[in-house]
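Shown here is one chain on its own, the form predicted on its own, set out as structure tokens.
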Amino acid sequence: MSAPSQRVSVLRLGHRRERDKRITSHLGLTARAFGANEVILAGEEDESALDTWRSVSDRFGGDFECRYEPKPMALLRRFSQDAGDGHPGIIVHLTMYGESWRESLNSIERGRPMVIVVGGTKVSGEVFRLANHNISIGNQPHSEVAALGVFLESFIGPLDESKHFQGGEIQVVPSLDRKQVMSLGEE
């Protein structure tokens, strides 16, 4: 499966700066690594999370955006009506209460802008109603980072890292027996 031709954003709802800093940081890193175009932080404003994501993109490459959204529900309402192209966007809500991702995957429209909603604190019932798809990676409690990684890998598929992550300062070279990092800076 090749990467979809659509813009994929990940919306992190309900971020709490002190309680969620690591998990939110890892959500953004997972979104980037598995092919999303941007991560949108909602909840408590936290410049450190945005700085982390920007720094990783600078060092490892890729065209990944991140920003803070003070009114995430207003964003979702607008997006459900118009994704910026005059047509409604696709909203996928990752929740353990949703339909099986394996059964839902083929019903998700491709080629249209998408927002993947990942909750932190209790998610409003309005999110369930606005979402085109309420999808569960499993109906047991688990990490939202794992759910996002599984969903993106199954929806976007494997990335060609040499194309997707261009423009970085360094590149990790796969190795069976040692850490190997190649500097991509000007020589």
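All residue numbers are counted from 1 along the displayed sequence. From a predicted model like this one, the values you see are computed outputs, not experimental measurements.
As for the form predicted together with a small molecule, it is not shown, yet the points below apply to it.
Between the options H142, R67, R129, R54, the residue in contact with the small molecule in the model of the complex by a heavy atom within 4.5 angstroms is H142. Checked against the small molecule in the model of the complex, the residues T121, S48, S154, S162 give one hit for a heavy atom within 4.5 Å, which is T121. Heavy atoms of S136 reach within 4.5 Å of the small molecule in the model of the complex, making it an interface residue. The closest heavy atom approach of V39 to the small molecule in the model of the complex falls outside 4.5 Å.
Contact annotation: M73 falls outside 4.5 Å of the small molecule in the model of the complex, judged by heavy atom distances.
In the model of the complex, L105 stays away from the small molecule, with no heavy atom inside 4.5 Å.
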